[in-house]
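One chain follows as structure tokens, the form predicted alone.
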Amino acid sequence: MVSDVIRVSSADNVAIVIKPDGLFEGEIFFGSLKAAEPIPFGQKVALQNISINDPVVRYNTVIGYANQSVSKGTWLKNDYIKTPPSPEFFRIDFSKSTDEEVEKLDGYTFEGYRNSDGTVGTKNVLGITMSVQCVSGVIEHVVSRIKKDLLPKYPNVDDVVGLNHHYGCGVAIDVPAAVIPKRTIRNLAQHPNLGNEVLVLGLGCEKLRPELLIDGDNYSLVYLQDPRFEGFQAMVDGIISKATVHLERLNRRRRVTCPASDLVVGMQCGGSDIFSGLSGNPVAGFAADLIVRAGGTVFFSEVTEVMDAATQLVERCANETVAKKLLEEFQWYQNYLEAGGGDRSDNPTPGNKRGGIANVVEKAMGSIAKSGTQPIVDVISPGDKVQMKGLNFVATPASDFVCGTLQLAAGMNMHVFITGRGTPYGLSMVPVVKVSSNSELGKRWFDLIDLDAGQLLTGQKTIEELGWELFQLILEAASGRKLVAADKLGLRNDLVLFNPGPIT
């Protein structure tokens, strides 16, 4: 029998209402408790009397303190919970817990595009990047022309993608913070799905020299200010001539059988609700463990959404060096927020709160569930590439679009995106598997969602069943055998750089 409420840990003094029409006044739940008032779906109910300043406990963690007395069976509203102080990262000591030996997962494969540098693509895409924002309109024009006139002639090429951004000139290009957008642009151009066949478009007078983005022999460079171009059409013809060379080479690429260890999967959530931490993220975390067991690479991100779980994450670090890197990234971001007059209270969003999430601490505990249970083997700074197989933390802002861009730069070839409130998020460069945390969203957005993790809440399936289903779906989408919803609908978000440096 499915319960009307869910309590994550026996230490929790609150539970979440999962009955679709909520609890009605006087209804018996959790064995013998009686609802003192109507409590809506997705909201907290007190399991015991909670006095002013008493801790509110979820996930076996203090997510806040009561600012008024609440009787058991009562709706514990978000406004009744005072957020605890921010962690003091310099006071968190590394203490290595004993890692459980996990069974390796052998024999799982997908069909991917193997590159000469050892990376593996899950799509075959022509990328057109740029050194400066001044040429973004030209890239959009050229991409449209290539899709219409050229792409049908190259059936083995999946797409042409403009790597547009708002950087390159009018910015302080040599300040320390500029390293983040510069290496992000460079690493995006080296993404495995582009097959080392990138066309670089520059203006000619920009601060960010296009030559800095070129690596290898298969890159082409076109300057719009080249005096040989007389008029706009000459520019377009010059770019398309270069693009044709790359399309011909990309068209010769073929999928080959690759072990699951070649997967690089980015985990992200957005438009979260209270169920994200109960269903969608734990299901993604189970799949993450399967990928790591198969020898693959998984990473999770979103500094502002996880740094309140710093103590729990430090305990999972593979060694003290990794723990130190993790805490340094958290401290850097906290300093960045403070310098701009912000703080962690800017998260969660109004939609997150309407979905039942009280504060950033509660959100953090649900967010880290998508990382699974394996040790964190490395911490990657914004814009850098992943270097080690296993579970990595890739430091990014929580913004969906900035996070997705930085995860692409880190080298992900598959993306899993979990949502509870709903978002039409999608990326053009990699397949994005969309997971709903509740079945109401899964049914309402039937053509936008690839997997409904809300089946866990209704008792139809277990975490293990859904985790294996997600793992198999990742393999199918990586092989091109399964077209994810965002690709079917052509949903593409813009790439958004993280630029903490000044604009001049």
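These numbers come from a predicted model, not from an experiment. So that there is no doubt, residue numbering starts at 1 and follows the sequence shown.
Although not depicted, the form predicted together with another copy of the chain is the subject of the following passage.
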| property | result |
| --- | --- |
| Contact residue in the model of the complex, from 384, 378, 289, 400 (heavy atom within 4.5 Å of another copy of the chain) | 400 |
| Interface residue in the model of the complex among 118, 137, 155, 107, criterion: non-hydrogen atom within 4.5 angstroms of another copy of the chain | 137 |
| Another copy of the chain in the model of the complex: contacting segment from 120 to 128, 400 to 408, 368 to 376, 76 to 84, heavy atom within 4.5 Å | 400 to 408 |
| In the model of the complex, residue 483 touching another copy of the chain (heavy atom, 4.5 Å) | no |
| Heavy atom of residue 206 within 4.5 Å of another copy of the chain in the model of the complex | yes |
| Distance check, residue 166 to another copy of the chain in the model of the complex, heavy atom within 4.5 Å | yes |
| 4.5 Å heavy atom contact, residue 229 and another copy of the chain in the model of the complex | yes |
| Any residue of 316 to 343 that, in the model of the complex, places a heavy atom within 4.5 Å of another copy of the chain | 333, 336, 337, 340, 341, 342 |
